[in-house]
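The chain below stands alone and is given in structure tokens; this is the form predicted on its own.
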Amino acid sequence: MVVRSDARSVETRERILAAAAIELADRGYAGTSIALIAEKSATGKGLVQYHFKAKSDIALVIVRSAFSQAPFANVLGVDTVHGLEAVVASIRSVAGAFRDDVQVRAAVRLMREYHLIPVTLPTPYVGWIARIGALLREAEAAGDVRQGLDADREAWHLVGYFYGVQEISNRLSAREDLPERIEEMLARALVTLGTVAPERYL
């Protein structure tokens, strides 16, 4: 009986988070209320507040969860591909998550609205920048990009370039054209990096 009750509690909590992610991605932090989350998750307001004391607690869980699972998590993962191939794969993967994963979309919007949220959210992108920097050093060692590259600076700008492209895509097409725009971005970025035979990666 306890196991069944615990399973039901976990299922309810996940249903609340799923509904909250949709609303937060669409409406933002200020436009989403506990009452709306309760309605969309088919639970009572009291049940939402049983699992989460405040809306800010829901926001924090969503952002932390996205960071622990998404390709831009603040960790350096173990890749099956390396160097420039891994840089390109990483950027494409993050673009896919921004477009297709509602939890990631909610986390991205929440991070943009951090000043409205009375909790400290994880600092975005630092792990991804570090990862791309390490991969660019691999690419330089392999002779795939120009020598003397400032890998950390280029990684910072690649992530900044990506963020700007996805944000404009979001505003103008709800990210429908993001894959195409990312390929255009990559074509330009590979030239900037002095890539040998950039067509291999596109």
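Numbers follow the displayed sequence, beginning with 1. From a predicted model like this one, the values you see are computed outputs, not experimental measurements.
From this point on, the text means the form predicted in complex with another copy of the chain, which you will not see here.
Practice task
Counting only non-hydrogen atoms, choose the one of 39 to 47, 162 to 170, 54 to 62, 136 to 144 that falls within 4.5 Å of another copy of the chain in the predicted bound form.
Solution key: Result for this chain: 162 to 170.
Practice task
Please check if Arg109 has a heavy atom lying within 4.5 Å of any heavy atom of another copy of the chain in the predicted bound form.
Solution key: Judged by the heavy-atom cut-off of 4.5 Å, Arg109 is in contact with another copy of the chain in the predicted bound form.
Exercise for the section: Evaluate Glu85 for contact with another copy of the chain in the predicted bound form, applying a 4.5 angstroms cut-off between non-hydrogen atoms, and reply yes or no. Expected result: Result no; Glu85 lies far from another copy of the chain in the predicted bound form.
Exercise for the section: Mark Asp101 yes when one of its heavy atoms lies within 4.5 Å of a heavy atom of another copy of the chain in the predicted bound form, and no otherwise. Expected result: Asp101: no contact with another copy of the chain in the predicted bound form.
Exercise for the section: Give a yes or no for Ala130: in the predicted bound form, does one of its heavy atoms lie within 4.5 Å of a heavy atom belonging to another copy of the chain? Expected result: Judged by the heavy-atom cut-off of 4.5 Å, Ala130 is well away from another copy of the chain in the predicted bound form.
Practice task
Kindly confirm or deny that Ala18, Glu23 and Ser33 each have some heavy atom within 4.5 angstroms of another copy of the chain in the predicted bound form.
Solution key: Not one of the three qualifies.
Handout entry: Stretch 115 to 129 - residues with a heavy atom within 4.5 Å of another copy of the chain in the predicted bound form
Key = Heavy-atom contacts to another copy of the chain in the predicted bound form: His115, Leu116, Thr123, Pro124, Tyr125, Val126, Ile129.
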